[in-house]
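Look below for two forms of one protein chain, each set out as structure tokens: first structure 1, then structure 2.
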Structure 1
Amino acid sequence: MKYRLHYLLLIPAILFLILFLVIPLFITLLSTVRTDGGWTLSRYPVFFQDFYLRDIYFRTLKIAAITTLAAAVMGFPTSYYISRTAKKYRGIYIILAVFPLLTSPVVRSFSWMIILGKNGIVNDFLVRIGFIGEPLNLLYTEFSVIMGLLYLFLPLMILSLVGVMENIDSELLRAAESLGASRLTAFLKIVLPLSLPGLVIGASLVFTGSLTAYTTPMLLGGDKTQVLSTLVYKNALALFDWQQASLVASIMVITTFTVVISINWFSGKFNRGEAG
């Protein structure tokens, strides 16, 4: 009896989520398939038949995917290093890694404008060493958006990975080596599979965040790098077209769900394959 009561503690959080997340989400999704007299799914194909909107959709997807991949590649070694250092230093490293999260996205984006601008640090350096003659157009491109997002979301990847990697028993590695596995094999056969849950969580967070980020693409992107979130903003707050805004929002939600579930499914398969 006492044990069952524990579940009651979940009620406030569940109520909150149902009231402020599930129901509004449901209403939004519903509004995209309702017409005056009945139901229709036709708005979705209409969206994708429009080359302009389709381009925005795939651009957003591409930016989010590249950011996630880059965050995984950069985050993995960093996290591994942090998880293997002595406990007393780990806190400091984590604070350093999380530091970007402590400033607002606007400030961060403005800082990137200073770094990537025509008079910016990068261009200044490249011109000075004679690598290029004229400053490059780095800002207002997909590149600058990805840089901004990567900087923004890398900490989430690192945090998720460190949490999991910390619990990998280093005895396992020693055991593998003593049984004749090379360091690389030990890493691939032990560390990588055991870190997978962290990688899945990190990738889901980074992907979702990048797909839905607004400030960064708005400030670091240009007219040619519109993404779904800026499209929602334009529809909702410039045209007051909530119908279309809901449609785009629903497409974003469905995409996120699909991708996150796929990542989970693949990692599950991968893990089982390893075990077998």
Structure 2
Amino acid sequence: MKYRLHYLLLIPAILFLILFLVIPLFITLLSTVRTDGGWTLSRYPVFFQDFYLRDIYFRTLKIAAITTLAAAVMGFPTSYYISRTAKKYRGIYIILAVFPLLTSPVVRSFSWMIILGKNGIVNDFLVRIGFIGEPLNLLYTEFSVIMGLLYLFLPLMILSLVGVMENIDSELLRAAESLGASRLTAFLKIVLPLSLPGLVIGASLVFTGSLTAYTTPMLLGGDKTQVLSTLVYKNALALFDWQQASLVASIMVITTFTVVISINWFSGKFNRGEAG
């Protein structure tokens, strides 16, 4: 009886999510298929038939995918190192890793504007060492947006992986090495499969955040590097085309759910393959 009563504690959170997340999303999705004459899905094909809109959609996907891949590549070894350090130092490393989350996205983006600007730190350094003759256009590009998003969401990948890796028994690695496996083989056969749940969670968080981020793409990408989130803002508050803004927002939601479900499906197939 007490066990069942524990579920009552979920009711406030569930009601909050239904009222302020599920219902607004449902209304937004509904507005994209409802017309005066009935119901239609024609707005979605029209969106993808437009070269300009299609280019923005695939640019957003590309930026989110590259950011997620880079976060995984950089976050995996970092998380493994943190998880294998002594507990008295682990907390310090985690605080340092999540430090970017303690500052405003606006402040972080302006910092990257100083770093990547034509008179910024990177260009100044490259010119001084003679690597380039004149400053590069690093700002207001896909590269600058990816760097800003990576700096923003890398801590989420690290936290997701550390939480899983610190529970991996180091004796498993020693046992594998004692049976003749190299350190690389032991890592690929033991650490990687056991870390997959954290990697899936981290990849989902980073991809979702990168796909829907607004402040960083707006400040570091500008008008030259439009993404779906800035397109929603432009249609809603600049052009006052709320119907088009709802359509773009719905496409973002559908894409996010599709990608997250696909990531989980592939991870499940990988786990079953490893088990087999």
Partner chain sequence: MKKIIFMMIMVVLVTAVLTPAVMAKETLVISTWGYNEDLLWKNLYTPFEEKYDVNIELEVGNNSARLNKVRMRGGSVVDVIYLAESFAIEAINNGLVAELDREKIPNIENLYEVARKPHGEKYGPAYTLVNLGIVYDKNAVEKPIESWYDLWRDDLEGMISIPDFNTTSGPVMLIMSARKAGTTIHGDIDKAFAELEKIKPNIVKNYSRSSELANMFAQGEASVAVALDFAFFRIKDAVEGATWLNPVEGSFASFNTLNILKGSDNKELAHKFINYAISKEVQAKMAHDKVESPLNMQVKLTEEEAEGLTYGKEFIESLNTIDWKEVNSNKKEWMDRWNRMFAY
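Definition used throughout: the rigid core is the maximal C-alpha set that superposes within 1.5 Å between two forms. Nothing here was measured: the structure is a model prediction, and the numbers come from that model. Please note that residue numbering is based on structure 1, beginning with 1 at the start of its sequence.
Novice: Looking at both copies of this chain, which one is the form predicted together with the partner chain?
Specialist: Of the two forms shown, it is structure 1 that corresponds to the form predicted together with the partner chain, while structure 2 does not.
Novice: Aligning on the rigid core, do we see the C-alpha of Arg54 shift 2 angstroms or more between structure 1 and structure 2?
Specialist: After core superposition, the displacement of the Arg54 C-alpha between structure 1 and structure 2 stays below 2 Å, so no.
Novice: After superposing on the rigid core, how many Å does the CA of Lys224 move between structure 1 and structure 2?
Specialist: Residue shift at the C-alpha: 2.5 Å.
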